[in-house]
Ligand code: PEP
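The chain that follows stands alone, in the form predicted alone, written as structure tokens.
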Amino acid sequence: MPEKYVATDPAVVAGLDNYKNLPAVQQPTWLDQVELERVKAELSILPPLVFAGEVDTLRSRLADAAAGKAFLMQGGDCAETFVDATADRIRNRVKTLLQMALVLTYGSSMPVIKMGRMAGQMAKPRSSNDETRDGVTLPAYRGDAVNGYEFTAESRAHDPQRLLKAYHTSASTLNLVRAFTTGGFADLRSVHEWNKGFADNPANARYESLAGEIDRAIKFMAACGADFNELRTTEFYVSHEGLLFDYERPLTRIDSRTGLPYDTSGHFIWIGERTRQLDHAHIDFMSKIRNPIGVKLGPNTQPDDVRELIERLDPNREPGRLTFITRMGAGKIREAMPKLVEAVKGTGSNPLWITDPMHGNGITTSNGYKSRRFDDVMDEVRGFFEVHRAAGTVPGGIHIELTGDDVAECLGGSEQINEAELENRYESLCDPRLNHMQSLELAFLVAEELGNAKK
């Protein structure tokens, strides 16, 4: 049964709300403060999206990954939109993640933790507060939880009602995800079914070959009398960047078992590169909740930053508590990352290291599209494994912006997507994503690297 939540412990609440006394960047400018307070009050009494017990289980799983006993596969949209929260698109994202996890599990012979950038990834930090087109300046698009993408004054206004819609969209998304992963869709005896609806390409052909091997292994074990009930379902967790305090704080509840606060908007919450200032609100707030916390680390991160993040977010050196998500860029990871890995040694902390090979490799194409070169993404993944091999540390996971749809947003891959194709198949409202085929190609590379790491 779901946990019950007690009202409020004054001391715990005071600690949670200390962030209000600190600078908070990347926050919306809501036009109607009265409506905002009403929305926050409603959010605070709506049912939790996830439960404390699930969060605790994930923390244990992430501790295994940090120890080299599991691997984290985290992926999903750069920014979820209300209009794309359809059954077909959610199913395709889940299918892609299941296929990638299958490739990784088979290639590494270790458990793979499946986590979506889903059911909450609806707010985005921006480099500028405003956007100008043809001499007209309006607020920048900050994700559907804040404003609309259409370039009109009405659409771009920061509307508190969108926070409620974000909650309800997340709830319906999570409902579908749970149905897909516990209702038989994720059954390992249906691995061929996950490939239906996807076009033929070398990555899919390679996946089909792997699926055939798994089929034969399962049939052999069945003939030996094995019970495969455990194969029908899979654990699946959801995550997002914990950006908006007006959303995260109302959904933070006190667990009746422990009296401790859990952010029930998602299982795993991360702090972005733009909001990880040590003396600002995001670090303070995240230090108070029991969820496992991720922190994005860019190429300018210093060793002292990493050590201080550990002191603030993982003072008790708790396994599974802290994840560092490196986003260096293919040309910088081999130089910038080793000093950070070395800085952790001797702190008594064992954070989970995962790579985000997407955000450090952005380019603008000659025809004006934000894109990434697939070769750069692949090279950063290789660099991530090389650094850990040299340091004797654990490469524990991968964090990818992807979609299960047939888009063309990142250049290259086996399809050899070029700039001209972006004009016909580019759908993202924020950052470019790997499509299904590119995601599978990347999974096979990671599986090979994991296999090499175990030799």
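Residue indices: 1-based, along the sequence shown. Keep in mind that this is a model prediction, so the values were computed, not measured.
Missing here is the form predicted in complex with phosphoenolpyruvate; even so, the following discussion is about that form.
Residue in contact with phosphoenolpyruvate in the predicted complex (any heavy atom within 4.5 Å), chosen from 321, 162, 253, 359: 359. Only one of the listed residues (156, 114, 249, 124) places a non-hydrogen atom within 4.5 angstroms of phosphoenolpyruvate in the predicted complex, and that residue is 124. Partner contacts here mean any heavy atom within 4.5 Å of phosphoenolpyruvate in the predicted complex, and among 132 to 140, 116 to 124, 334 to 342, 91 to 99 they occur only in 116 to 124. Residue contact check for residue 273: one or more of its heavy atoms lie within 4.5 Å of phosphoenolpyruvate in the predicted complex. Residue contact with phosphoenolpyruvate in the predicted complex: residue 401 places a heavy atom within 4.5 Å of it. The closest heavy atom approach of residue 241 to phosphoenolpyruvate in the predicted complex falls within 4.5 Å. Although the partner is absent here, residue 269 is not a contact residue: none of its heavy atoms lies within 4.5 angstroms of phosphoenolpyruvate in the predicted complex. In the predicted complex, just one residue of 57 to 86 lies within 4.5 Å of phosphoenolpyruvate by at least one heavy atom: 78.
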